[in-house]
Every structure is written in structure tokens, then in C-alpha cells.
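Each of the two blocks below gives one form of the same protein chain as C-alpha cells; they are labelled structure 1 and structure 2.
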Structure 1
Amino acid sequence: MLGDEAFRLAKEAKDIAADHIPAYNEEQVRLVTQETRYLWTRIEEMIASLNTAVANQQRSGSSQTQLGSSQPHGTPGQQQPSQSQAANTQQSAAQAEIENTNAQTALYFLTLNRNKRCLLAYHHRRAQFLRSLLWTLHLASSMIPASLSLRLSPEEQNYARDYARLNSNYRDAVENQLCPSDSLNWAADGELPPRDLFIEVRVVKDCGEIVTENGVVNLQAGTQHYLHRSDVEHLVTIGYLEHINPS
């Protein structure tokens, strides 16, 4: 049915969760664009036919008025009403035809627009997901896990790379301006200050000894630590540590 393909795409866009993205559905995108193109050619055709029909109507309409005006005084014959009746039915049929085509054009046009919206939404959601993923990975596009990068289209991968590069360029510029000798924690969430200075973390994968601002910590698997949030936050995001009791 009309617009079904786009609907499927929209549903797929809805499936994108905070930590999951379905594979890029190239086939579905192709189907939707194909449908959209087809609709556009149909619309063009219809508009063309509409134009000719309207022109025809105008022409016939004007000829009829001519016909009517040419015999104002003549005795009402048998032929005249039938002729005008025929002309009328013809006219109304043409009118209905025009209205039909009009409605169909409008429908096609709306569907086309809807398709476009669905396409855009689908890609927007994916791009959004990609961006938030990049931020949690501290803008290292190479860190995207293989399981996820398999699901991205080549264009999306390019996008991720370019986005990261653009960001790092900007960061370098800002750093040069603000603090030439220091580096900014670019990916830190600047909107909300952390509630606790310390967090309780459990080591999932052995990290060995890490050097933090506050000294050396040995993060062995199977131990639990209470540490400065800033020291270990990145390890939590890449899944080496598990943040417990986050409330």
C-alpha cells in the first residue's frame, strides 16, 4: 500500500535505543526513495494532464458560451437542450475528472512529503545515536565497537570520522586560546555537575595499575573501589568498571 515502506522505516528508527542500533537498512531506504521518485513522476504526469484538461475545459466552456450566445433569439428546438445537456454532462465529467486528478495529486504529494520526512527522521535518529555514541567514546571514532560499526553504512562511518575530526579541530583551537599548556576534558558532561565526588565501582575486566590524579590505583578484577569520579569515569563508560548503587 501507499506509504507502507516509509512506515516500516519509521518503525525501525523507533527501535534505536540508547545502546542499540539496528543495521542500516539500505534495501528499505532504496524502496522508499524508489517509491518517492515514482510518485514524483506520477505527480508530474498528473499535473501535466490536469493542465491540458483545464485548458480543454476552458476552451470548450468558452465555445459553449459562444454557442449559447449565438442563438439567443432562436426558437427553442428539440436539438438545443439535448446538445446543451450533452455538453453539460461532458463538462461535469471533465470537471469530476479534474477533481479526481486534483485529489490524487494532493494525496501523492502528501505521501511524497511523508516519505521524505520518514527518510529524514530515520537518518536523523541514526546520526543522533552516532553522535551520542561518539561523545561517550570521547570522540574517538576508531573506538566504535565492531559489533556496532558493522551496522553502520559506509556514509555513516564517514560521517562519524568527519564529525570527530571537526570536533578535535575545534577543541584544539579552543585549547590554544584558553589553556595552551593544559588539555580540556572535552567529553565531560558539562550540563550537570556530578552529585558525588566519589563513586563506588566494581572491576569487571582487569585494568592493572592506573595512575590517576590522586595516586596509583590497582584495578584488579573482582575488587570493589570507592574512587574519585573523574579518575575512573572513562573506564566506566568503556565497560571496564561497573558503577554500582548509582542512586
Structure 2
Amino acid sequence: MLGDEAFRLAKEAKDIAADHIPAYNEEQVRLVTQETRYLWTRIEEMIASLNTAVANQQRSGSSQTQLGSSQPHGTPGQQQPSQSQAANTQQSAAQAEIENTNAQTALYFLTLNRNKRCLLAYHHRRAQFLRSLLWTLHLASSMIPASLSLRLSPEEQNYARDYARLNSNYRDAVENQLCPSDSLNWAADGELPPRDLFIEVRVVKDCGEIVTENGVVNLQAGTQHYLHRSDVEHLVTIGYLEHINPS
């Protein structure tokens, strides 16, 4: 039925959560786009047909008026009533056809707009997820996990890189003007500061060696460490580390 493909796409958009994004459904997007283009083509055809039907109806009404004025009045047994009745029947059929075409055009137009809204909602939700993820990664698009990157379309991967680059440039420009001797943590929670500067974490996935304020730390799966929060908070966010007894 009309709009079913867009409904499925909208349900997928609803499944996107703060910590999960499904693979980009290129096939479903293609089906919705294809249906939308078909609807637009049919709308153009019906509008052209509607204009023709209205013009024919106007000509038919004009012909009927001329026929009525040319017939002698008060002459019994003539064919004037039957001709008038046939003309009225034809005009009623034409009017019914116009109304049906109007209703079908309205249905197609509303479905087309609904498809477009579903497409926009689907891509908007995915863009929201990417923006939130990039800020938790301190705008380091190269740190997006490979398993997640595989679920993104090529356009979304380009969007993530461009978004991170533009915001990094803006952040650097602001920091150079406001606090040239220090840096701002743009990804930090602006409502409440963290209670502890150091946190205890358990390594869920191998991270290899990372450079911290206190030196190099080897984060192997299964090991536990007591580290500075700012050094590992982004790894906790993406699931590589687990915060033990988080505050």
C-alpha cells in the first residue's frame, strides 16, 4: 500500500538510540525515493488530465446552452428533451470524473509529502546520533569504532569528517581568542562537574597503549586501571572501557 515503505523507514529511525544505530538501509531509502518519484509523475499526469476534463466540461456546457437557444420553444414531440437529458448525463459524468481525479491527486500529494517527511526524519535522527558521538569523542572522527563505521553510509562518513573538521576549526579559533594559554573541554557536561578527577576502569576491549598525563598505559582486555578521567572518558563512552562503581 501507499506509504508502507516510508512507515518501515520511520520505524527504523525510532530504533536509533543514544548507544546504538542500525546499519544504513540503502534499499529501503531507495524504495521510498522511487515511490515518491512515481507519485510526483502521477500527480503531474492527473493535473494535466484534470485541466483537459475541465476544459471539455466548459465546452460541453457552452454547446448545451447554444443548443437550447437554437431549438424552437413549445413544439411538442421534438427531440429537445432527450438531447438535453443526454447532455446533462454527460456533464454529470464529467463532473464525477473531475471529483475522482481531485481526490486521487490529493491522496497522492499527501502521501508524497509524508514520504519526504519520513526520509528527512530518518536521516535527521542518524545525523543527531553522529553529532552526539563526535562530541563524546572530542571531535576525533578517526576514533569512531570500525564496527560502527561499517553501519554508516559513505555520505554519513563524509558528513562525520566534515562536521568534526568544521567544529574543530571553530573550537580552535575560539580558544585562541578566549584562552590562548589553556584549552576548553567542549565535550564536558556543562551542568555538573565530575566528582572525581581519577576513576577506576576495567578494559573490555583491547585499546593498546595510550598516552596519559602520567605516561603511557597499556590497556589490555581484562585489566583494571586507576586513571585520570579526562584521559579515558571517551573510551568509556564508546564501550572500550567500563567504569567500575561510577559516581
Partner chain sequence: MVYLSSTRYEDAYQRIVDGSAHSTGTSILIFASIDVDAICGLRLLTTLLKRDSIGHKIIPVNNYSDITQMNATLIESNLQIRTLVFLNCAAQVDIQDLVNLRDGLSVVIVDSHRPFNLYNVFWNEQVHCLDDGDVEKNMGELRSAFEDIEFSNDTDDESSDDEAGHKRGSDSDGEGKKRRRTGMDPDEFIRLQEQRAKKRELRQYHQSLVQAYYAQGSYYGQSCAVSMLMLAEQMGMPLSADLVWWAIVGATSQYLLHQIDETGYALVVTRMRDLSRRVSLNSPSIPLPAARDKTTEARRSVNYSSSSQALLDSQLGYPTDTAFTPYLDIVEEEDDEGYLKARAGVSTAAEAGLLTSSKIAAQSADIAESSELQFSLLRHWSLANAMQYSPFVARRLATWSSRGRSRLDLLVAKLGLSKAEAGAPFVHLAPELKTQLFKRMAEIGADYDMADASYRGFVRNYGWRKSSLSGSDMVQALLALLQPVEGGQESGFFMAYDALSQYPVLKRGIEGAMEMQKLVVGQGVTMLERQAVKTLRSFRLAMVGMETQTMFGSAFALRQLALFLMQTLRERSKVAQSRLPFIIVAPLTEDRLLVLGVTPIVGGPRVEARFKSQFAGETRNKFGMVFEAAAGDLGADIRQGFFDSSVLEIKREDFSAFVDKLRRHL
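Values in this document were obtained by computation on a predicted structure and should not be read as measured data. Structure 1 provides the reference sequence; residues are numbered from 1 along it. Here the rigid core means the biggest group of C-alpha atoms that line up within 1.5 Å when the two forms are laid on top of each other.
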Looking at both forms of the chain, which one is the form predicted on its own? 2
Hey, does residue 236 budge by 2 Å or more at the Cα between the two structures once the core is superposed? yes
Comparing between the two structures on the rigid core: C-alpha of residue 227 shifted by 2 Å or more? yes
Align on the rigid core first, then pass along the CA displacement of residue 215 between the two structures in angstrom. 10.8
